[in-house]
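Single chain ahead, by itself, as structure tokens, in the form predicted alone.
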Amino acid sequence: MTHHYAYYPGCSLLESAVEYDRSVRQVMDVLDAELTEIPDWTCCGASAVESVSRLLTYVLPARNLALVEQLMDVDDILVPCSACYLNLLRVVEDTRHDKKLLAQINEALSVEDLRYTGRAKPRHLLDILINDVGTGAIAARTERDMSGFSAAAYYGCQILRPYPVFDDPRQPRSMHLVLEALGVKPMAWDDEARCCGASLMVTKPEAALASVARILDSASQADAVVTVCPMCQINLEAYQSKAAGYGGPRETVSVVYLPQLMGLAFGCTEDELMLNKNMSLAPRFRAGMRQGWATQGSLEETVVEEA
């Protein structure tokens, strides 16, 4: 069965997270899901606009919802970025009971002859994978033996708080189910929903680095940390050397997007998944990409030889 979704990549997936965009499109194509990018979509405002204007915080994402309602024949919007998902979802949740706010938003949108009614539905990648595609379809598309691979599923803090639409915000399990369908072993740990610091890396770097250090140290026994958020990905990848000074691991911890790992399991190539864009792939992970992850012993030997 083919699923059809409006697609909102958001700004990050066109710049710092192009590998997330590419791998989402690649994997959803393998899973027979059709994505149509929202015509003339604009930035959702992320977290930066909120300090400038509360109304603009709603109007920017609402414009994208209104475009879907007026120009497309679908209601469900696939939103891979956790920050974008939260911003779009906030419009849906807050205008449901606040009609005054809805009227203010539509007054602003009227300059473009747009109107948001509440019909468009932003949905995170994990929600769609679990509740529409299903673990059976994911397992059926898996071609590589991933039984030797262990992953630390990292959800971050934005996709389930404050709106726990599709999973438990304290003990999320949706990504665990996807990993298990791939044949991957999800690592048991307690930091899967801990905040990585995100924009604090600019204003309070010592707080953000301490959080990144804790997450990486907790996950260091896994073959990779697996993320679904561009901000989490860049924080956990780019600041590993600085985090080492705050108690983080000294050795590289591999960090990949969930659809990149799914693509590898489905038999997609490294180029198709843009794995050359990842900043932190440990030798063990690179050896696994070449040889497969079925047998741990051969990987250990390869890594030792390369060292």
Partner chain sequence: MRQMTKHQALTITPLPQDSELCELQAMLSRCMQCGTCTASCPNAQAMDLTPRQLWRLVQLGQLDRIFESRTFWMCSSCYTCWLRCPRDVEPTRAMAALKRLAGEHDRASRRKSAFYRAFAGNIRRYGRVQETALMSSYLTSLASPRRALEFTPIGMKMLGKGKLHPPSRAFAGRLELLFRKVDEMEERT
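Numbering follows the first chain given and starts at 1. The shown structure was predicted, so the numbers you read here are calculated from the model rather than taken from an experiment.
The same protein also exists as the form predicted in complex with the partner chain; that form is not shown, yet it is the one meant from here on.
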{"item": "D40, S53 and G197 all contacting the partner chain in the model of the complex, non-hydrogen atom within 4.5 Å", "value": "yes"}
{"item": "4.5 angstroms heavy atom contact with the partner chain in the model of the complex for R170", "value": "yes"}
{"item": "The partner chain contact at F266 in the model of the complex, heavy atom, 4.5 Å", "value": "no"}
{"item": "Contact test in the model of the complex: E112 vs the partner chain, heavy atoms, 4.5 Å", "value": "yes"}
{"item": "Touches the partner chain in the model of the complex: A188 (any heavy atom, 4.5 Å)", "value": "no"}
{"item": "Per-stretch contact check against the partner chain in the model of the complex, the hit in 221-229, 143-151, 162-170, 125-133 (non-hydrogen atom, 4.5 angstroms)", "value": "162-170"}
{"item": "The partner chain: the contacting residue among A181, A213, M201, L89 in the model of the complex [heavy atom, 4.5 Å]", "value": "M201"}
{"item": "Contacts with the partner chain in the model of the complex, stretch 7-38 (heavy atom within 4.5 Å)", "value": "C11, S12, L14, E15, S16, E19"}
